[in-house]
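There is one chain below, alone, in structure tokens, taken in the form predicted alone.
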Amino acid sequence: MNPVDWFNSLSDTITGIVFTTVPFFGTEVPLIVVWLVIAGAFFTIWLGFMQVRGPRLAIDLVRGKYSNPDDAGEVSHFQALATAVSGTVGLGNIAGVAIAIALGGPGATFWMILAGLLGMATKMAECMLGVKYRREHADGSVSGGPMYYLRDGLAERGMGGFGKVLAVIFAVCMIGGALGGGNMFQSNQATAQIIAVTGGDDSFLAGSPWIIGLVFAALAGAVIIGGIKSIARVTEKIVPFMAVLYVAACIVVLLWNITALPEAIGLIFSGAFSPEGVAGGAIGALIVGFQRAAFSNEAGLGSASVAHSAVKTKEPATEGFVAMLEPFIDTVVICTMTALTIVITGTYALPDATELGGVALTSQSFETVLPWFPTVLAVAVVLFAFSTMISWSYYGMKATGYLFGDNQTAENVFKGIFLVFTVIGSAAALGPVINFSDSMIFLMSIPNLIGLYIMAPVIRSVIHGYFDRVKSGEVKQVVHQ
């Protein structure tokens, strides 16, 4: 068997294992989705519905009201949040949501929002642990994330050997996910969108997509060479801009069809609970909605914990509160705006909706308002893809550094490999590669959530302790000069 056939076979095998399905009320549900949603429900209850009680504190933390610039770390709360959001807000918010609505109907939107709200608790747990068990180096840089809390947190509970195994599995999977889904897929889809808006098959770039890949690699290289500080400086500008641009575009479509908005909202709620309908009615909508949310906001995967670990703070719980805003922004706001745009324009009901592909279906929704709106969408796609790439480069870099003993040289080697894969991704056929890397990304959730369950008492103690100290006035706001 030649190497290509061997890789394709390996990819199919791993994908089949990771996305194993089980029967559920006459339809099939991926076990990995059940694994992630159950975790969200568990930590929602375990932490006392903190995503309802804590948003005001989270916003105050992002605004710097409790930030001391002299605390150890490399980036502010806002920068850490922007970097993590940039890693999750990507093509899934545009393409993935469109496919979910085409398959599950408007009702999938309701379940997507619910899963996003549950994911806020999981994200809070994993990002708090990222700060608690991070490693601060002599040069002021920081390394953190599931690799460290799986190794050190479980060691504190007498499970050091088990923790080390879980940490290595997590790091290897994160590297695979960073090179594939976090890089090659983003480069590939952004390239396709650029070619589409510059003439399609007649575009001057159609025969040389690698040129776009080189531009992406050059831009990404200029950012990631400076590590998390450089990445954070870029993401804190790109994330608000791209979010406002995309949401504003969605609002224009909604305002254009404002008289149909009540009906669209009605379709979402009726489709969420109707026994009949697309893809098995309510059950089909529930599964597709939960799956889209789990795949989009990455709650439970542990990836965002790597970015949040670099924050300037001496209180691990602070970043837990900040991080829980991430699924809200990613899923409850951006994914919902995409869903409303598609539902209100009715493009999800087109005969060829499921064959069009996600970006094309969303593009058609924008096109119903103004013919040139797909250009705005193309800008959003490129920004989403680029921001995802630079964030995942940091994740893969830190995973590589962990495997080689926090070695800076190993991290720099990974940066070079990452940029080569950016160019390859722009021009390659990525089917098996993406299947493999998606499997790696979701495999991350297995060791990560095992560790979270084992450390659940610590998670609740730290988060509730800090929240109570803020409420009592023991933790005071910082007065900035």
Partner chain sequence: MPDREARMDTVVVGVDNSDASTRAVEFAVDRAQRNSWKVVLVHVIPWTPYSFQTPTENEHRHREKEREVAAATEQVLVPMAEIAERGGVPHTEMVRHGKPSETLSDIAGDTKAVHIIVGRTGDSGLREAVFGSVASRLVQHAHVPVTVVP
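Positions refer to the first chain, counted from 1. Superpose the two forms; the largest set of C-alphas matching within 1.5 Å is the rigid core. Everything quoted here is computed from the prediction, not taken from an experiment.
Beyond the structure shown, there is the form predicted in complex with its partner chain, which is absent from this document and is the topic of what follows.
- Contact with its partner chain in the predicted complex holds for none of G96, Q189 and L419, as no heavy atom of theirs lies within 4.5 Å.
- Partner proximity in the predicted complex, defined as non-hydrogen atoms within 4.5 angstroms of its partner chain, places exactly one of 138-146, 361-369, 194-202, 155-163 at the interface: 138-146.
- Proximity to its partner chain in the predicted complex, defined as a heavy atom within 4.5 Å, holds among A102, A380, V343, V75 only for V75.
- Scanning M128, A310, L150, M174 against its partner chain in the predicted complex with a 4.5 Å heavy atom cut-off leaves one residue, A310.
- Interface residue remark: V62 is counted as part of the site for its partner chain in the predicted complex, having a heavy atom within 4.5 Å.
- In the predicted complex, its partner chain lies farther than 4.5 Å from every heavy atom of K314.
- Residue contact check for Q79: one or more of its heavy atoms lie within 4.5 Å of its partner chain in the predicted complex.
- Put simply, A232 is close to its partner chain in the predicted complex: some heavy atom of it is within 4.5 Å.
- Residues of 232-258 that come within 4.5 Å of its partner chain in the predicted complex, judged by any heavy atom, are A232, R233, E236, K237, P240 in sequence order.
- If you fit the rigid core between the shown form and the other one, you'll see the Cα of E74 move by 2 angstroms or more.
- Once the rigid core is overlaid between the shown form and the other one, V223 counts among the residues whose Cα shifts by 2 Å or more.
- For D406, a C-alpha deviation of 2 angstroms or more is recorded between the shown form and the other one after rigid-core alignment.
- A change of 3 Å or more separates the two forms for W372 and T235: their C-alpha atoms lie closer together in the predicted complex.
- Inter-residue distance, R135 to I231 (Cα): increased by at least 3 Å in the predicted complex versus the depicted form.
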